[in-house]
Every structure is written in structure tokens, then in C-alpha cells.
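First, one chain by itself in C-alpha cells, the form predicted alone.
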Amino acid sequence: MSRLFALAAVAAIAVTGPARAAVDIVEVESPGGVTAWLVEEHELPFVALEILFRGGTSLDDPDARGAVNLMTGLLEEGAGELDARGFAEARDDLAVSFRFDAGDDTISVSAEFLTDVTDEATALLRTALAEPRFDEDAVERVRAQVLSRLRSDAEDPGEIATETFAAKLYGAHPYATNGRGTIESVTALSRDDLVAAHAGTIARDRVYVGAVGDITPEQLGVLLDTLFADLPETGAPLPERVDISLDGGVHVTPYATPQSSILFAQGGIDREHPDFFPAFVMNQVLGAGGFGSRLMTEVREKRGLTYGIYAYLAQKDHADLLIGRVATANATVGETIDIVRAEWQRMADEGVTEAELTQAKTYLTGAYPLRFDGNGRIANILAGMQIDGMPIDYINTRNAKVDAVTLEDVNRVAGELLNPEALTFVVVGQPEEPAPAN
């Protein structure tokens, strides 16, 4: 059996195995002082790592927007003595899987490999993180991919709504502009911009690691020190918390399409707030519960105005929001907005019923274990827990926190958190009635 086939087979078993009811997490500190969370699983010869670097595209220089995203896309396009082809061949020979991604607040690195190539996989990933080449041919190839995505986004009403809303919400903060940059900014990026982006983001002072699989704490400690030995100690300063601007209005961006895309939001709640779980359960009833949510019931099931509508609590590093999205025919934009506002007000005034509370808690506690259905997903959760400041026992206590939410908790928080007057809408399309004011 080839190593590549073996990795695919082991990964498939790891993903499709039974969901874990409890997860035993150990905190590991390497001899060099790097901390990681580990779940040992020795039944299969397979290791998954998730590495997060705090900062992400919000660390772009304002004059080089999109540099962090482009840089991240180049991390496996040649490193050290290996050009792009040589790196790909080395990766494939080891049958390792690397994925690199940049978001507003993080750069994420996912790695999966068989136990017998741990040292070689670690060395190759270390080179990608510490010694990216940024060769001209690779830069131009990945730049073209980014530009193609930006051109596509410029014709997508949903993406236009996202960017329009971000500009309105975040003002001068980096969140206000697309982390992938603009066609103009990406076209202008130089190799020096990429080198600066790398130095500002891939650093030891902002790294979080989750590891799952056939590896001991001692072995993981050695891996961590090898992997991060050549990274700078500190990166660029993180942005300040953003002052969100919400005026409660409806803002229309004209776009020739038969269906308008609508994004709506108000201020949210921090995950560390004592009322987070009541707010979480409340939103399950309001907008996150699929066909069981009030928004879906009122907008789709009763009136057929959309295929889907949802709302969710969004916790960015520097802003907290309660965000929703819906698409509807131009002729029914006004009606849809009126219904959303009415349901916001009804929830604020009346809260939820005992039956709704029970149904929401049953779903949230029953669905949670299904997230832990593979080493890679668990590693991702472990790293995310750390960067979000969660306690190490969160996985095993989370459902108890949901179960502890009372009807009084939810209804009090609904009245305090939901603010229909601040609920702000961005519409991209050609709404016919009523003509919302900009």
C-alpha cells in the first residue's frame, strides 16, 4: 500500500469514526516554552495538527491590503531550497496534507500525516513557515488566482452586501475592507510587501496549537520546538477594538439582479460575558435553528419569501455582532425587512416559550458531540478554544452550561440584548417596495 493511499485510508477512518462523548485534553509545554493542547489517540498511526496565528488579514499595511492573504497562499509554493514543484513533490512523497488559510483574525495551518513520517513532515512544514521563497513565477500564479476570485466577488450580490456592510460598520478599522484586498491593491503588491506580511504575522508570540492522534506529550514537545524554532519572537501589533457604527437604517446598493441580497446586524455579545449562553440559546430560537427558527417560520414557511434566512452570534477578536442574512425577490424586500424587524421586537418583548427553550437546548446539546468526528476537526476545535480563551475543560462542560440556561435567563437577555432600533440593513439589488431610504 502506498503511503499516500495509507494516509487517505487512515484519515477516512478518523473522520468517519464514532463521535466522542468526552475528550481528554492534556496541555503540553515544550522545552522551548511553546504551549499546545493534545488529545492522544493511538489506535491509528495518524497525527493532525491545527496551528493558528492571531492577527490574520487585519494586520495588513493599509497601503498593501491583501498582502497577508496572498502571502498565506504562497507558503507551500516553494520554501527553503525547494521551488514550488520541489515542495509539492516532497509533500506528495511523504503523503502529508497541508492547508493554509487567512481570515480576518487568524492565519490557520492544518497538517495531517502518518506517524512514521512525523520528523520529515515537521521539517517540511517548518521550512514552509520560516523560509517561504516568494519566487516571481509562484507569486504571479497565486496573484492571478486571487484576482480571479476578486473579479467574481465583484459580481456576487452576497459578497457586495458583505463588503458594503463591513465598510459601514467598521469605519477606519481593517475589518472595513476585504481581507483579500482589491483588484488594484493586489495588482500592486510587491515581493517586499509579502516579506513584510510574513514577518508581521508568522511569529511565536501569537501561535496556538491543537494536536490529535498518535503522538505523546514528549514527542509533541520536540515537534513544537522544531517547528517554530526559526520564527521571530514577536509580530506586528494587533489592531484596537473597533467602535461599531449602527444607525438602524436600510441602505441600498443598486445592482441589476432579480433577487436582492440582504444583510442585517446589531451589536452582539462577547463569548466571555456571563450572559453568552442565554444569548446563544435565544438566537437558536430566533434565527439559528434552521426550519425550527422563528425567522425561517415567518419569512419562508408562512410567506414563501425566501429559500432560507438565518442569524448568528459573531465574535471577532475586535468586535461582537448578531448578524443575519436573507435573499428575496426585489418586489418583497420591504415585506421581508418588516417581518425581520417585527420578529426582533417580538423576541425582545416576549422572549421564548418553555417549549421553544426545551427544543433549542435539546438540539444544541445533541448536535454538539457530532462535531468531534475526526482528528482534524478536533485539532481545529482545540486551537480555536485556546485562541478564544476557553478553559481546557470546555468541551466536557459546554452542554452543562447550555442545560443550565433557564427561561428567565433567556427572556431577560433577549430584552437586554436585542435592539430593533439599532438593527441595520444593507440591501444589494433593485428593491421595488417600499423604497428604503439610504
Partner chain sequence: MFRALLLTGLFTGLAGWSASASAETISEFTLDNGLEVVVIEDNRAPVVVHMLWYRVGAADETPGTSGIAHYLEHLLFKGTETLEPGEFSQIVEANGGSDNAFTAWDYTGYFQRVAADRLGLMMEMEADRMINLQLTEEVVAPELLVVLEERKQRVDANPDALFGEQARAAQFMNHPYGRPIIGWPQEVRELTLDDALEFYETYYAPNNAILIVAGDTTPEEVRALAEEHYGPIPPSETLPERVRVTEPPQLAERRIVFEDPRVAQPYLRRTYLAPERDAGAQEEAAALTMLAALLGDDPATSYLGQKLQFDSQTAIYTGAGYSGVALDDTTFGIVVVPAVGVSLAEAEAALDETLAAFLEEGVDSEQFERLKRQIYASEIFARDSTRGLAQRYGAALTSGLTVADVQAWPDLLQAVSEEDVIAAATDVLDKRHAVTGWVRPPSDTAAALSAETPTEEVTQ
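Positions refer to the first chain, counted from 1. Here, rigid core means the biggest group of C-alpha atoms that superpose within 1.5 Å across both forms. Computed from a predicted model, the values in this text were never measured in an experiment.
Only in words, not in the display: the form predicted in complex with the partner chain, which the text now covers.
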(Q) Does the partner chain, in the predicted bound form, lie within 4.5 angstroms of each residue among Thr118, His173 and Arg341, using heavy atoms as the measure? (A) no
Q. Residues in which of 358-366, 201-209, 187-195, 239-247 have heavy atoms within 4.5 Å of the partner chain in the predicted bound form?
A. 358-366
Q.
Does any part of Gly334 reach within 4.5 Å of the partner chain in the predicted bound form? Heavy atoms only, please.
A. no
Q | Distance check, Asp230 to the partner chain in the predicted bound form, heavy atom within 4.5 Å | A | no
(Q) So, Asp270 and the partner chain: in the predicted bound form, are they within 4.5 Å at any heavy atom pair? (A) no
Q.
Please determine whether Arg377 contacts the partner chain in the predicted bound form, using a 4.5 Å cut-off between heavy atoms.
A. yes
Q.
Exactly one residue in Gln315, Thr257, Thr353, Thr226 has a non-hydrogen atom within 4.5 Å of the partner chain in the predicted bound form; which is it?
A. Thr257
Q: Name the residue from Val222, Ala329, Ala123, Ala130 that puts a heavy atom within 4.5 Å of the partner chain in the predicted bound form.
A: Ala329
Q: Go through 80-102 residue by residue and record those having a heavy atom within 4.5 Å of the partner chain in the predicted bound form; state none if no residue qualifies.
A: Ala84, Arg85, Ala88, Glu89, Arg91, Asp92, Asp93, Ala95, Phe98, Phe100
Q) Does Ile392 count as moved between the shown form and the other one, where moved means a C-alpha shift of 2 angstroms or more after fitting the rigid core? A) no
